[in-house]
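Only one chain is included here, represented as structure tokens and corresponding to the form predicted alone.
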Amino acid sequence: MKKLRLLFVFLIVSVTAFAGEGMWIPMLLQYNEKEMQEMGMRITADDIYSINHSSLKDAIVLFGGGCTGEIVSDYGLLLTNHHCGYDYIQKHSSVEHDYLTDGFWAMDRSQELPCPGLSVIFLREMRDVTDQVLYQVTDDMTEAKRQANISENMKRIIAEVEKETSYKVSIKPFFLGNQYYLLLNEVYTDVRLVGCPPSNIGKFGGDTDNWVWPRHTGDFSVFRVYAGKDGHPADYSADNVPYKPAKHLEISLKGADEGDFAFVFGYPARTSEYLPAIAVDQEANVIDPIAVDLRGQILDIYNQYQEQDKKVRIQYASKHAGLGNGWKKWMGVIEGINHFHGVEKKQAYEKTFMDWCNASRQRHAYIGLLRAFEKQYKALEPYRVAYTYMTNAGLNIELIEFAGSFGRLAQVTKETPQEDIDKMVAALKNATKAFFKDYYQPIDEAVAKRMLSEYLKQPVDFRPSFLNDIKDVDAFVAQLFQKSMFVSEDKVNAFLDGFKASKAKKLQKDPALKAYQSLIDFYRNEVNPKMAPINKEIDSLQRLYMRGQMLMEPERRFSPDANFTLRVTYGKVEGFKPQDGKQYRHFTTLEGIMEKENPDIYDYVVEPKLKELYRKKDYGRYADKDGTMHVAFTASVHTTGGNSGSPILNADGQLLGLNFDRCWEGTMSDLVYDPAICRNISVDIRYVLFIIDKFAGAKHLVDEMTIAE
């Protein structure tokens, strides 16, 4: 293992440049510093990440477990995307207070809205613990023994570090298990909604424009982080005070010009760039098409009902956005992989790899890798298909999924302490209230009919047993919704009141819970037992393949796949040419919003006040030097899910905008990165400030920020 560690150090310091591609570990950014500065950066790696003094990392947070946010004032003011705050905006919305449609602005801190369940995480330090994690781990171990040793080593390391710190301690694998880093995080749980624009700004273009350039979306929302009076994390309390950060971001009003250096600092979620061709082909041409088809049918049903009823539109806004985001992204992945020959490029690379393997006997350990991948992925495919149907068809029936949350309660016995039962009941009452706030039974019945009809097309051996009893889908669904108590908030609460273990048997007989249990039993007994050993074998092969690729290309600088840890990615502000005869410039303006306006389509309604500001050209100090109001811009910076809300920063480390999307043609970048067409999309920070100040009249928020003219 010592030899392998030296290999990684050599690869990290290699000078070969792949500008635009790569998600780099911030604590190792000194190895990228020269390239970044040659591209135009005027700060140092130490300005970006340091544990010895405040640095940009101290202003970056993992927001809500799935996005990124950044601190922009000394009073804990936080910016992220509108779609990242969407769930919390929706939870605070009602027909009487429709913050989704109308927006929301707290004109003083007393009006800021608590968001139970929302947290932000600050990275305080990273440590390389590869040697400690891989202590006494050898290549001749079985995969099970290897993982057991690693797990024990990690537990020991975490326990030792926890003795010396109050931070949350975790260890994450990098380079597919060839390297490990320990993370020290601080978690703040009192986060409040401060402001958000109307959806006709924050979500302008809706699903139609999602993942597509040019974009004209003001995709931002504003929150504030609160702390106890001692500055440390504390649960929500009226006595808490705004968090005072070690660092907050300065904001640039100079804008982003073609060719400018730019970098994104955030929490990318998942990439899989080192997969073999067969895995990419399976993803793009088998799994993603199924998910796209099923989700598309559900979205059609949502659209039909949401267009008819304002209350339903609000209730299903967040659900629609969640389903629609993946649906459209996967369509882009399918299109990108096939149009730009992603599988063929992987196959060409694999030919080079095999030639390298065959050139030396010392490399023969790698020769059988690709054949082994083919065997394992072919064995895996039918179970991945089964899992995709289970999650996208079976569990997208809300009644069945909600019933599943009562599974533990259905298993209690007379031996279960009543105190434990009471805790479960209290939690379920809260879940019931939240569920029915945003539930519309006619939608769910329509989804159930459609999804069960699709599910029944699968082979008998690859679907849950409850489906095999269905003779008539419409009749089954009618009976399911008629007999289950989970369609009625009153019935559920009445059942939970005074719950005793003796009532568990009645719960077990509910048809919705029985359907859920059939789905889960199918996964536990049929799907997972087959998938798990195959996936373990693939993981072992992938780790070896990663090592082989790095040995084959010692001059190439590899970056680890994204895994929801803090990363820096960098490139240039630039447009792109996705196909012959089509050229996109790097920015859009408010004029484009006016050109797209269509009062008959919800996604393209333009707010009257925004039109008035446009007509008067009342942009204040936020206009570009050309006099226009810039809205969004593109750059060749490698991003993925989780980077939503990430700051995109200029050469001086000042905030240019908030990353919120990728171009349609480049959504394949999680699997195959093409620097010619992969572009990230950001909302211009000047448009954000323009909306806060001139549109919303919340200039007091801008006054908190540090502005560089």
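From a predicted model like this one, the values you see are computed outputs, not experimental measurements. Residue indices: 1-based, along the sequence shown.
One more form of this protein exists, namely the form predicted in complex with a small molecule; it is left out here, but the text below deals with it.
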4.5 Å heavy atom contact with the small molecule in the model of the complex for all of 211, 321 and 661: yes
4.5 Å heavy atom contact, residue 567 and the small molecule in the model of the complex: no
Interface membership of residue 535, the small molecule in the model of the complex, 4.5 Å heavy atom rule: no
Touches the small molecule in the model of the complex: residue 644 (any heavy atom, 4.5 Å): yes
Close approach of residue 203 to the small molecule in the model of the complex, 4.5 Å, heavy atom: yes
Residue (of 563, 185, 325, 441) lying close to the small molecule in the model of the complex, criterion heavy atoms within 4.5 Å: 325
Option touching the small molecule, based on a heavy atom within 4.5 Å in the model of the complex, out of 521, 401, 489, 207: 207
Which of 51 to 59, 25 to 33, 38 to 46, 653 to 661 lines the interface with the small molecule in the model of the complex (heavy atom within 4.5 Å): 653 to 661
